[in-house]
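Next comes just one chain, in structure tokens: the form predicted on its own.
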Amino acid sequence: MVEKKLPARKTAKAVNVVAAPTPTVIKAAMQRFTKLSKSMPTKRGASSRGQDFNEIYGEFNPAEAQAQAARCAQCGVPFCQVHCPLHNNIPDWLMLAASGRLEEAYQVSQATNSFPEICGRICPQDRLCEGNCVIETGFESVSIGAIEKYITDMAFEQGWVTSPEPRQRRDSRVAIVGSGPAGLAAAESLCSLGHQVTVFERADRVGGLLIYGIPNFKLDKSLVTRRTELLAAGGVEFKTNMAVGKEISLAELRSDYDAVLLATGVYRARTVELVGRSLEGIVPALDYLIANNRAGLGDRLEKSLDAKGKRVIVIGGGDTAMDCVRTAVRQEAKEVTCLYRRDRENMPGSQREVQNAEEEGVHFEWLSAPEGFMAVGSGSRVGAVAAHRIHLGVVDGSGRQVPTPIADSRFIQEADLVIEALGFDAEDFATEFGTRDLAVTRSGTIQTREGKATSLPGVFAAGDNVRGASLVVWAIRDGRDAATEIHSYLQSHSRSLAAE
């Protein structure tokens, strides 16, 4: 299927610039949740959006965005902000948007978030800010994510978004390994502080997970490219096809740079070691998503993972699983089934994404787990998944009910393509980076102390390679925090050298 590009906008939207309102006007303008129902931008119909990889949501018009922002209760304890990993000043920029002060709203938004246009599209707001909105019970939450997206898209159209402009340029040099959300967020912050930043990326494009892991219908790749181009214009240097540990060693980076940040993420797919696991047609989720994204970007692939005409089963219940089932729909799969061992209420992924998948024709087998894979006849290719039903039993130490197989509940589900979306584990980082002095945790993630500092002097780590597989917004938070610590380290180091 040929991926369609979003049409380029020819002209900027007109924005009314208004004078700063008085406190009385602000109070009257807000707290409209009792009179105005929640609404979202228009969502394309399931049959239409299933034919391409374009984003599925439209945009608020200025009046809609202003009215929806005015639903904010401006509560004394903003739980939306508390439960946002970035602690975004959500009530403040909602008030500014409701007052028509969009440029100021953007400035407040970007002060705590390096990439609000990305978070507005892919954050699971129903689990974070919107899910903890005070007015959610009884009145439905404010459309925080859609308004965040609107504000930032408008800021780009109006030319309010600029490349990092430090007050002074410093001599200190920082190497960042990995150009995913953590690495890019750190690069943006460090560049803004005046440091010379070089980002090393092992792939052939900058963006990491944002480029290769997330489908276009959730995040158009042009948005990522737009941000990286701004960083480059601000002085960040990007070196692609540079795998640290192969093309260049960590020791060389430590020698050539004043500080190093490891922000490579975690990509080793978890698998289910069951009978028939070695059959052809059983693939990790990330391999499948990367192949699809590369095809959409125009790359020629040695191995195609197209689901066209196939019966597809995706095993797992997180956001990655939802990305896979919805991608298979767009690749014109014959049928798509999600096999998940818990019920809908216990899915770790966004309920909004589950609803989108159901609308697009995905079938869910709740409370079901695989027990083996079956070949087509005597061949070497998968033809079915043997599974059993699950009962959720007692609560374990994690606070979740333990999935327990139900006796004599075995069933067979035919499949031509099986995608494992079971999460990710850490790489062997000590081997990857060529040093046993890099301390790791029992789970294999990089061990840090006193924040983001690793066991190696001058080397820091942030994102999934420390936290484990998590959300993009957490990676952005970690990258920004790491930049703050690196800045303090470099200042302290410079003072020490000057004293000597």
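For every residue, the number given is its place in the sequence shown, counted from 1. These numbers were taken from a predicted model, which means no experiment stands behind them.
This protein has a second form, the form predicted in complex with a small molecule, left out of what is shown; the following refers to that one.
At a distance threshold of 4.5 angstroms between non-hydrogen atoms, residue 420 is out of contact with the small molecule in the model of the complex. At a distance threshold of 4.5 angstroms between non-hydrogen atoms, residue 221 is out of contact with the small molecule in the model of the complex. The small molecule is not drawn, but in the model of the complex it has a heavy atom within 4.5 Å of residue 472. Put simply, residue 64 is far from the small molecule in the model of the complex: not one heavy atom of it is within 4.5 Å.
The three marked residues, 188, 291 and 481, fail to reach the small molecule in the model of the complex, with no heavy atom of any inside 4.5 Å. Residues with any non-hydrogen atom within 4.5 angstroms of the small molecule in the model of the complex fall in just one of 376 to 384, 328 to 336, 227 to 235, 194 to 202: 194 to 202. Checking 60, 433, 460, 53 against the small molecule in the model of the complex, a heavy atom within 4.5 Å turns up for just one residue: 433.
Comment: the small molecule is not present in this chain, but in the model of the complex one of 217, 257, 267, 364 has a heavy atom within 4.5 Å of it, namely 267.
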